[in-house]
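The chain that follows stands alone, in the form predicted alone, written as structure tokens.
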Amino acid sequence: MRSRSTTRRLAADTGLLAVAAAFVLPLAWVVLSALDPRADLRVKVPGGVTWDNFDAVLTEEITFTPLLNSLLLCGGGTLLTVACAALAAYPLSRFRSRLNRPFLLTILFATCLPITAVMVPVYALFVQVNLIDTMQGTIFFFAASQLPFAIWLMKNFMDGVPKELEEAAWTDGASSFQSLLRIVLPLMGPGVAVVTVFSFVMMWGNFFVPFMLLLTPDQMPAAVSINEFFGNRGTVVYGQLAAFSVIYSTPVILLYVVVARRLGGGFALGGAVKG
């Protein structure tokens, strides 16, 4: 019996190691190739460490302008998504209606739609309303595409905040909007952080939407400009591609670091509803 249990444990450990290697090896290739002057598709320790790949990509045209465009698009889209999701989730969480469940199911269905299925009518609509090749139009579509799942997440987190706290604020003369801003959102800080990180990461890695809606090269985000490292005949500058990938990943890593404490916390309710 013990030998069978040991065999199962070894098989499970082997499977977990294989899964871990599938994630670690690509990351190791990116880091090592960024420092390797002769990088290729192999994962290897560079014979000589160099910063030449970073020097080659750290230019305004290759890195700084696309990263700034990405920050504007994803930052603006994330702020709009979080604000609209909070306003939409509040009545769904606090007020009972026969339409709540059908509406939530419709939202859940909207999250399953592939974005490629709606891009043709969206492109035609943007042409009609003069939003094609505009940063604000792309921000609006980014927010609209992430809003269904953001509302679903925000509503579930909002359900965990006791309504008694708002009722006490209403007794003191606060409006529903004031109680949302001053009571509900501060108490569900981890939930807001989750929605923020999820929305930002999904927009940051989106290639198809800005590629379709933006036409001017100077407005392209880093998710699209990374395609410039792939030549027409299959040639790839692997070292510069890896260096750009490291720089491109930095804002997402910084965002995780900034919100890490909020993600690890719980709802700071304490004894607020006692008495």
Partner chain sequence: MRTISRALPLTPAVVLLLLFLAGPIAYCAYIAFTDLQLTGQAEESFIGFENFRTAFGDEAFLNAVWLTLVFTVVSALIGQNTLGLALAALMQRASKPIRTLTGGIVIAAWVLPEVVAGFLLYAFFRREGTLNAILDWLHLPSQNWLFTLPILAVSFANVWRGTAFSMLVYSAALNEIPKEITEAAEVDGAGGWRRMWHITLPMIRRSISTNLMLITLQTLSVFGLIWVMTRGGPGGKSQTLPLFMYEEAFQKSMIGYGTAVALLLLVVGSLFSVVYLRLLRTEV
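If you superpose the two forms and keep the largest set of C-alpha atoms that fall within 1.5 Å, you have the rigid core. Predicted model, so just to flag it, every value in this text is computed and none were measured. Numbering follows the first chain given and starts at 1.
The form predicted in complex with its partner chain exists for this protein as well; it is not shown, and the discussion that follows is about that form.
**Study point:** Three-residue site Ile115, Phe207 and Ser245 fully in contact with its partner chain in the model of the complex at 4.5 Å by heavy atom
**Key:** Each of the three qualifies.
Point to revise | in the model of the complex, the one of Leu165, Leu104, Leu71, Met135 near its partner chain [non-hydrogen atom within 4.5 angstroms] | key: Flagged contact: Leu104.
Exercise for review: Classify Val45 as contacting or not contacting its partner chain in the model of the complex by the rule of any non-hydrogen atom within 4.5 angstroms, answering yes or no.
Suggested key: It does not: once its partner chain is placed as it appears in the model of the complex, Val45 has no heavy atom within 4.5 Å of it.
Point to revise | Touches its partner chain in the model of the complex: Val49 (any heavy atom, 4.5 Å) | key: Close contact is absent here: in the model of the complex, Val49 is far from its partner chain, nothing within 4.5 Å, heavy atoms only.
Exercise for review: Please run the contact check for Phe141 against its partner chain in the model of the complex: heavy atoms, 4.5 angstroms, yes or no?
Suggested key: Residue-level check for Phe141: yes, a contact with its partner chain.
Check your understanding: Taking heavy atoms only, is Trp29 within 4.5 angstroms of its partner chain in the model of the complex?
Key -> Contact check for Trp29: yes, within 4.5 Å of its partner chain in the model of the complex.
Review point. What are the residues of 76-100, in order along the chain, with a heavy atom within 4.5 Å of its partner chain in the model of the complex?
Key: Residues within 4.5 Å: Leu80, Cys84, Leu87, Ala88, Pro91, Leu92, Phe95.
Exercise for review: Establish whether a shift of 2 Å or more occurs at the C-alpha of Pro26 between the shown form and the other one, with the two forms superposed on the rigid core.
Suggested key: The answer is yes; the displacement is at least 2 Å.
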